[in-house]
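Before any questions on binding or motion, here is one chain by itself as structure tokens, the form predicted alone.
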């Protein structure tokens, strides 16, 4: 298809993008091809730093992307908690290579924000509510990734229809809507609520560039909203996953887990243990990111596998078509 006209928002102005669409960083999913395709077609590609280990491999990937994309923007997601022992070096490398965007998750981004002040790197922080959003805004964050209910992975508990306008009443930072963003209708809804762009995660798992199994892609195509299960049994934190026989088997009531959950400190320790196991565990363990299909409720709107350029361009074109058809 012909490239659609640009869509101007604070996000596109900040990063010199044509469209306010970011390919979300997804653990064990986002790869170089997905990042490059997302950035080259006018959006922005991102990836989790932990997708490339050891740290030397991560550094090489950042340098390759910086060279291949030249002036095109891309971003890196850094987990800012103790389970990620390389977080400080990951941030340092990003700053050294003038990566345009660092996205922080699952922890306090204060040190990351401080390290990037006066550099070419912006920091956006994952948030699910006003308290944390206000805290990172006060710390100097450049923008927010607003994660609503129904998002793949570690989604929030509040609908974006309430969450974005609520945050917008209190905070004047660029906001990216995350959760069930699949097409031009999603983009239009997000912008009308006060967001400046959207995250596309689950939608681009079902892409030609994604190097996940065919079973994973087909599970997304086949699933409906009701097939998404929220559980903390995968990595210790509540997350959304596609219902499969393997997942349901592990989710059956467990006497030991029920006992452990009665003690907050023990429950926290078990959560951290599961996080480490999910991040670094072996391929053949019962449950991990390697054998469990993370996805959001937007699966119900995904019906075919396409290349990322087509997904982004169709989203931009459909957004303008939706505007023309809106009652006025």
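Computed from a prediction, not measured in an experiment: that's the story for all the values here. Numbering follows the first chain given and starts at 1.
Absent from the display: the form predicted together with a small molecule. The rest refers to it.
A residue is said to contact a partner when one of its heavy atoms sits within 4.5 Å of a partner heavy atom; residue 42 fails this definition for the small molecule in the predicted complex, lying far away. Proximity of residue 150 to the small molecule in the predicted complex: non-hydrogen atoms within 4.5 Å are present.
The small molecule is not drawn, but in the predicted complex it has no heavy atom within 4.5 Å of residue 207.
In the predicted complex, none of the heavy atoms of residue 37 sits within 4.5 Å of a heavy atom of the small molecule. Using a 4.5 angstroms heavy atom cutoff to the small molecule in the predicted complex, all of 29, 48 and 200 count as contacting. Residue-level contacts in the predicted complex: of 94, 190, 175, 180, one residue has a heavy atom within 4.5 Å of the small molecule, and it is 180.
For the candidate set 186, 90, 77, 121, a heavy atom within 4.5 Å of the small molecule in the predicted complex is found for exactly one residue, namely 77. Remark: of stretches 242-250, 135-143, 150-158, 166-174, the one touching the small molecule in the predicted complex is 150-158 (heavy atom within 4.5 Å).
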